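Only one chain is shown below, in structure tokens, and it's the form predicted on its own.
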Amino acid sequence: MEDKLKTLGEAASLIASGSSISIGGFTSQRHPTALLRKLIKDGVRDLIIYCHSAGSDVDLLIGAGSVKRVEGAYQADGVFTPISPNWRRFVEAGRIHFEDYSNASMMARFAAGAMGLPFMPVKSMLGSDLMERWGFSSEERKVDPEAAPAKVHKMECPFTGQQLALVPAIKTDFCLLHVQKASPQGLLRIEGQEFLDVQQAMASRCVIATCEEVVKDEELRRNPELNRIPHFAVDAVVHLPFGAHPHSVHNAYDYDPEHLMEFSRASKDDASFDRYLERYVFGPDSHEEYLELIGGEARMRALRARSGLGYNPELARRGGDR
């Protein structure tokens, strides 16, 4: 089978400005952050992002001016940023388009795309103003080939007479993932919670995965039930240990509370976030230089997950609490 191993630069070069993307992980967990920093550094702009429960992954791209539109449900990093600060500033100022769905509806949209269906029926948006409040108008949708013709469609079920909301399927140009293990041929293994990574991958035309460890295809095939994303769905694999920092990777390392708080403080305005970008995105010449900048081996050792738990119970979290 084809070897799909690429460098970070080669993988990032596949993604052009104006592409639609989804990003794996959940709030402060398992995002391909090193790949996102590379996209910013390469000047990729006007991205259309679909997400269910995003965190500072999408907020990083928004703050860098790389995003045109977001369709999603939730944007936060838990106690660090209950509402993602760049997202809030940009939406309030009209600097990006945003269309709001319930979390269950975004999950249904990705599931529909993964199954090749044009839509999925849900109930979770009924009775809320999510039905009536659209992020952009019907006229704007007509001239935007990426946009669904309607945000949602209400109908009566022909079998039960119940009211249903039909939400449009998502089919992205790219799905960007970070996983624990991958083979050179593209077989992926996610340890711990998968979140919506499988559906996002199958609802995408091109999947790029960064990984903590590259292992032989034969090794992963010894337990095939653990490999939920098949090689034929994956286009590129990048070996990138600590490629999710400052986010956590189950069984590998915990999230970095100091860096997430620094990110939150820097996101208060454009000037302070520009300084953050200059230090952590444009400054380092490589991922290895970035890791040295955030504390090198000593910091990585402090974040390492404890065997059998998947996280670090000794890590000082927000405010120095344990």
Partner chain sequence: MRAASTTELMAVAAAREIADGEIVFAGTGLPMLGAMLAQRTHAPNMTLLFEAGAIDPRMLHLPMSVGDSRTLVGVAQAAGLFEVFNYILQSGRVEVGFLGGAQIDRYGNINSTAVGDYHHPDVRFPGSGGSADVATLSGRTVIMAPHERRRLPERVDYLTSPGWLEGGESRVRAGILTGGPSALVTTMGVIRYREASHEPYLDSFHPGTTPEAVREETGFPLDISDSTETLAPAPEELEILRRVVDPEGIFIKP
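What you see is a predicted model, and the numbers here were worked out from it, not measured in a lab. Numbering follows the first chain given and starts at 1.
This next part talks about the form predicted in complex with the partner chain, which is not shown.
- You can rule out all but one of 27-35, 292-300, 277-285, 58-66: in the predicted complex, only 27-35 has residues with a heavy atom within 4.5 Å of the partner chain.
- Contact between Pro241 and the partner chain in the predicted complex is not found at the 4.5 Å heavy atom cutoff.
- At a distance threshold of 4.5 angstroms between non-hydrogen atoms, Pro145 is out of contact with the partner chain in the predicted complex.
- Within 4.5 Å of some heavy atom of the partner chain in the predicted complex lies at least one heavy atom of Gln163.
- Interface membership of Ile229, defined by any non-hydrogen atom within 4.5 Å of the partner chain in the predicted complex, is confirmed.
- Taking the partner chain as positioned in the predicted complex, the residues of 193-216 that bring a heavy atom within 4.5 Å of it are, in sequence order, Gln193, Glu194, Phe195, Leu196, Val198, Gln199, Ala201, Met202, Ser204.
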